[in-house]
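First comes one chain, alone, set out as structure tokens in the form predicted alone.
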């Protein structure tokens, strides 16, 4: 039986807010339609997790913040995350953009890297054909609510044949629970282009104990022969609920790489899906998470094959402590006509407590004969033989277990494309594992 919860907006208020921000009429209409839909749709119902029991309506109110005069004026939670040598950076604080910069070299090449609200006004011809096209705003209450209320956000556009050598970085942070925090990320990589985008989604520790909801949608369009690397680390406090949906559409010979670190302290719904539309398209997704206390997490990774000779690989690693629960779904779908497709997935859960729960659910849905598909899944505890071996070499039991855990997580950690981001991820892992 589904649960209908009250929607904290309506068409009139959504359209009024959009007009007050000077948004174009097409976006005002989109928001109004979405708000109306949100009143009629149901929340998503992921496997074995009752998200309707979470506080999903603490979405806050839009607050226009003050832009910083320099990066140094931003809170320390932001400045410590800025990778050394970063030339292109966007910072969103709560509902609005606090800082943005793009290197002159990329500007000269026609690259656009700005907040999505500005892009809707200044680059509508590039935004409108893609916004809410990888994901339908009418899918469920969450997508409709997000379409009505998203704020700030990031827009990346890379022209044909342009390669962006240095990563584009965004820091999206919340330090006021009553302020709406709902960034939308839209990336368009034209044919034979290449770009790496990395973001942090964080809440500032100790600033508030009130509940808040971060709802976010990511849409990535990988045109023929293009290559997009997308890295994202989420680390929000236990009073926050993180609802994040990621979608990519990959055309002929395009390549999409996802590296996701879901390291929140609160409840998390994370769904990352690649649609391999083109022949020879490729998707690689790596997800890492650590659950602690009584966290509830639903983590889904999907690859849907339409193109011939398309390939997907999905790897998820989860470490569960205390009484945390994680439901991990890996879904490989090969549609009729996707001949020679190859889909592989692996889900592994390491349990550090008898009260923790981790379900690994590999799912293969095959509608074509001439394909390859495989899966592996395991749920287990730290191997006592490995601990004994390390201890026989003079390592303490605690350090031995820590080394085994880091080795378990290494296949994902090693794929982080920026040294500074990888180092920050290591610090977050240590904090959660030792906390």
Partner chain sequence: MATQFVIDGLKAAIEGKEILKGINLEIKGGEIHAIMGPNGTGKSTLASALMGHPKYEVTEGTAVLNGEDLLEMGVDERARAGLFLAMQYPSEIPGVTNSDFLRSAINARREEGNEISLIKFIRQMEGKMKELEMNPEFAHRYLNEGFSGGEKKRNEILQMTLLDPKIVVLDEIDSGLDIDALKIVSNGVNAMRSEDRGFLIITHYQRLLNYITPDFVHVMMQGRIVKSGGPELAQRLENEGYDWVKEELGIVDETVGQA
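Note that the coordinates shown come from a computational prediction; the quantities given were computed from them, not determined experimentally. Positions refer to the first chain, counted from 1.
There is another form of this protein, the form predicted together with its partner chain, and it is not shown here; the text below is about that form.
Engineer: Check whether residue 380 has any heavy atom within 4.5 Å of a heavy atom of its partner chain in the predicted bound form, and answer yes or no.
Structural biologist: Output for residue 380 is no: heavy atoms all beyond 4.5 Å of its partner chain.
Engineer: Though only this chain appears here, would residue 390 touch its partner chain in the predicted bound form if you measure heavy atom gaps against 4.5 Å?
Structural biologist: Residue 390: yes, in contact with its partner chain in the predicted bound form.
Engineer: I'd like to know whether residue 53 contacts its partner chain in the predicted bound form, with contact meaning heavy atoms within 4.5 angstroms.
Structural biologist: Answer no; every heavy atom of residue 53 is more than 4.5 Å from its partner chain in the predicted bound form.
Engineer: Does its partner chain get within 4.5 angstroms of any non-hydrogen atom of residue 397 in the predicted bound form?
Structural biologist: Output for residue 397 is yes: heavy atoms within 4.5 Å of its partner chain.
Engineer: Quick one: from 20, 414, 12, 25, grab the residue that has a heavy atom within 4.5 Å of its partner chain in the predicted bound form.
Structural biologist: Among 20, 414, 12, 25, a heavy atom within 4.5 Å of its partner chain in the predicted bound form occurs only for 414.
Engineer: Can you pick the one in 404, 68, 373, 58 that has a heavy atom within 4.5 Å of its partner chain in the predicted bound form?
Structural biologist: The residue in contact is 404.
Engineer: Hey, of 405-413, 28-36, 364-372, 43-51, which bit sits against its partner chain in the predicted bound form at 4.5 Å between non-hydrogen atoms?
Structural biologist: It is the stretch 405-413.
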